[in-house]
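Below you'll find only one chain, the form predicted on its own, shown as structure tokens.
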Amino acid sequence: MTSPTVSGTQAPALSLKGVGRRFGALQAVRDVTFDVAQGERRAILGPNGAGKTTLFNTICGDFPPTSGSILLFGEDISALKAYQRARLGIGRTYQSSLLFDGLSVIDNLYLAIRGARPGRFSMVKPGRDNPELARARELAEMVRLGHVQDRLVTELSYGQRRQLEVGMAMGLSPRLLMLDEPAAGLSPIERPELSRLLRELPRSLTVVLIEHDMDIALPMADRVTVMKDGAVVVENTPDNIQTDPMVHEIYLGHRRQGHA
């Protein structure tokens, strides 16, 4: 897969410059620097404890970096709150499901769209021709849930719930979509459907995927960043990552330690 070409005048979608995050004496993320081009698919890999999720949450604004800076399309967002970053174009999913179980698929998507709009707390029921409801139907089709859009979330399979979470993140019309281990907990039967969905996301959208499963991450990625102990240790194309001896040592060495 070919990485998008970035012109000299086009700012990266995401630029991390010496980003670190400390929790007391624990340096969870250390001196992370890389750019993600507009329209790029970037996978961030690493074993458990590598610092992937902490970096993800630092980018999304759950907590600010304790060092370095984060730029979104050239704008420094390092000091902004999570909701302010969302309004500037960051959409995200979570490892743990955050869906309205008592509502339908289409209602969940509609509420996600409304969440970014003025008057979002209005209790007026949308009419049949409501443009936001029409957009919710489009999103249901995009995430391969059009055939179950009227079902309650409680009736969905786990894989369908994950697909719905991607759709809800898309409800904010993000410019940068951050996916936090979207395949976590999926069965082998459910994984191909999610992989197809991710590969078919529009190229106008920049996607950063945090994952530890190479089988999910590599097929959709243009470039791959590998982390260990809070730092970036390798950055390369998916093909080169698969054959990189350091990456093999990180994953296989981690497994050996886990069984020690």
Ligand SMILES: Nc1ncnc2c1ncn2[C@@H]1O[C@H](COP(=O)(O)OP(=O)(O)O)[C@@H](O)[C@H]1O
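In case it trips you up, residue 1 is the first one in the sequence shown, and so on. Just so you know, these numbers come straight off a predicted model, no measurement behind them.
Omitted from view is the form predicted in complex with the named molecule, to which the following refers.
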query	finding
Option touching the named molecule, based on a heavy atom within 4.5 Å in the model of the complex, out of P219, G49, P64, P192	G49
In the model of the complex, segment of 231-239, 194-202, 22-30, 64-72 with a heavy atom within 4.5 Å of the named molecule	22-30
Any non-hydrogen atom of T53 within 4.5 angstroms of the named molecule in the model of the complex	yes
4.5 angstroms heavy atom contact with the named molecule in the model of the complex for Q84	no
Contact test in the model of the complex: Q95 vs the named molecule, heavy atoms, 4.5 Å	yes
Contacts with the named molecule in the model of the complex - residues in 228-244 whose heavy atoms fall within 4.5 Å	none
